[in-house]
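What follows is a single chain, given as structure tokens, in the form predicted alone.
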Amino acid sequence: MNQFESSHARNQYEIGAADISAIVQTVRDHKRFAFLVVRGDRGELQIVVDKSKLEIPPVGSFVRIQGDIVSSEKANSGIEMQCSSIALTSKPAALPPFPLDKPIEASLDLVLDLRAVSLRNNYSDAVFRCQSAIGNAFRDQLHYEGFIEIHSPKLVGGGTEGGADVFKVAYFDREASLAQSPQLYKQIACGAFGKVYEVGPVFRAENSNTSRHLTEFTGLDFETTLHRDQHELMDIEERFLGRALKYLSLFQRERQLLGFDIPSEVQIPRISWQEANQLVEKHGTSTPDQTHDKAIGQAAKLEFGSRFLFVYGYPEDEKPFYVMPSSEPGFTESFDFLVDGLEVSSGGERINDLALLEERMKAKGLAPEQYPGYLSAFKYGMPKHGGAGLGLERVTQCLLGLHNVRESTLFVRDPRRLDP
């Protein structure tokens, strides 16, 4: 059991004297006693309060409660606190606009507008505790495999991969942009350290108003030297997914609230881009109202019985300039990781030859002279290497079965939202 597993295993209330700080989620008022359900840093707990001795705080209050935790057959958790004192640390000026213990029945826009309050809901709490576990699994797995964490700049002189989907910002006497990804920097760092990863913000100025796109999200990126090929990268992602699912299996309360399942084992099918298209034709899953990835995901579910799928060997025109061309003309040593037909990761082997890299940049309409710092790494030699990037919010969306990536985003940034 590692540190994450042991700390989570202890994240529960124990029988005996207790002193806790929490938010009041519900109040059930009876003739002599009131029953409160509060949530603190160790989860939910039922509190029994003698109304003749103590004042009952309203829902949404923050309180400090002292008393004895005892066994209880009537409490959902099997324990409850017999309260001896309640100190009100913050009384709300208004009652919460949403229930704190039930699913929120309101529009997603209203939920996001009132994010400071909606995050206090049990179901929102469950989502972000699970997301924290997924992020921990990424770090823990890569640390275990010998990677080091890096932190690349988010203010850059140009777009990472070219194109117009960058946010321009004034940078003293010149123009800069927010980084689309740490791609170029993690390649440079890979040439120095061998195995690197980064967890940080990613910015995409894409005017996409879909259930899976954001203009700012948290990237889980890694880059490593390769001995063989891109399948080594898929192996890493498969091991990360296995650890993430293991961590999520510890969250029984959250799984029950959100209703998501954990596969007993992770063996992700791997098929080529051509094989994926053949599966779509075989199972007839392509329809005008869905993406091609969705059709592939449905076909894979019918063929392999798996929600997870690696598709490798994409055409050159679908991948960035730095992706290694395949020995088969027109294709690349790249892959996408799909969950239920939604792309959560893209990766592959990188070009490590300077002349070929400059050739591919020009073919994509980029000027090599605009990337002197990046290309200097290749001028002095680069190892055979590759990497991948995942979006934390989208991974969370898929693993928890959420309808919209905004549900797994703490504070949403999309083409319409810049507040709160």
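Values in this document were obtained by computation on a predicted structure and should not be read as measured data. Counting begins at 1, following the sequence as shown.
Keep in mind that the form predicted together with another copy of the chain is missing from the display, and what follows is about it.
| task | Look up in the model of the complex whether L119 has a non-hydrogen atom within 4.5 angstroms of another copy of the chain, and give yes or no. | result | Taking the distances in the model of the complex, the answer for L119 is yes, it comes within 4.5 Å of another copy of the chain.
| query | Hey, in the model of the complex, is F62 touching another copy of the chain, heavy atoms inside 4.5 Å? | reply | Within the cut-off, so yes.
| Using 4.5 Å between non-hydrogen atoms, is K301 touching another copy of the chain in the model of the complex? | Contact check for K301: no, nothing within 4.5 Å of another copy of the chain in the model of the complex.
| message | Is G373 near another copy of the chain? Define near as a heavy atom within 4.5 Å, in the model of the complex. | response | Answer yes; at least one heavy atom of G373 falls within 4.5 Å of another copy of the chain in the model of the complex.
| said: Between K379, R28, K53, R32, only one gets a heavy atom within 4.5 angstroms of another copy of the chain in the model of the complex; which residue is that? | reply: Here the answer is residue option K379.
| message | Only one of D235, E145, D261, E328 gets a heavy atom within 4.5 Å of another copy of the chain in the model of the complex. Which one? | response | Going through each option in turn, the one that passes is E145.
| For this chain shown on its own, do D68, L342 and L400 all sit within 4.5 Å of another copy of the chain in the model of the complex, going by heavy atoms? | Looking in the model of the complex, the three residues D68, L342 and L400 all stay beyond 4.5 Å of another copy of the chain (heavy atoms).
| Counting only heavy atoms and a 4.5 Å cutoff, which of 110 to 118, 79 to 87, 328 to 336, 277 to 285 contacts another copy of the chain in the model of the complex? | Stretch with heavy atoms near the partner: 110 to 118.
| query | In sequence order, which positions of 175 to 198 have a non-hydrogen atom within 4.5 Å of another copy of the chain in the model of the complex? | reply | Counting only heavy atoms within 4.5 Å of another copy of the chain in the model of the complex, the contacting residues of 175 to 198 are E175, A176, L178, Y185, I188, G191, A192, F193, G194, K195, Y197.
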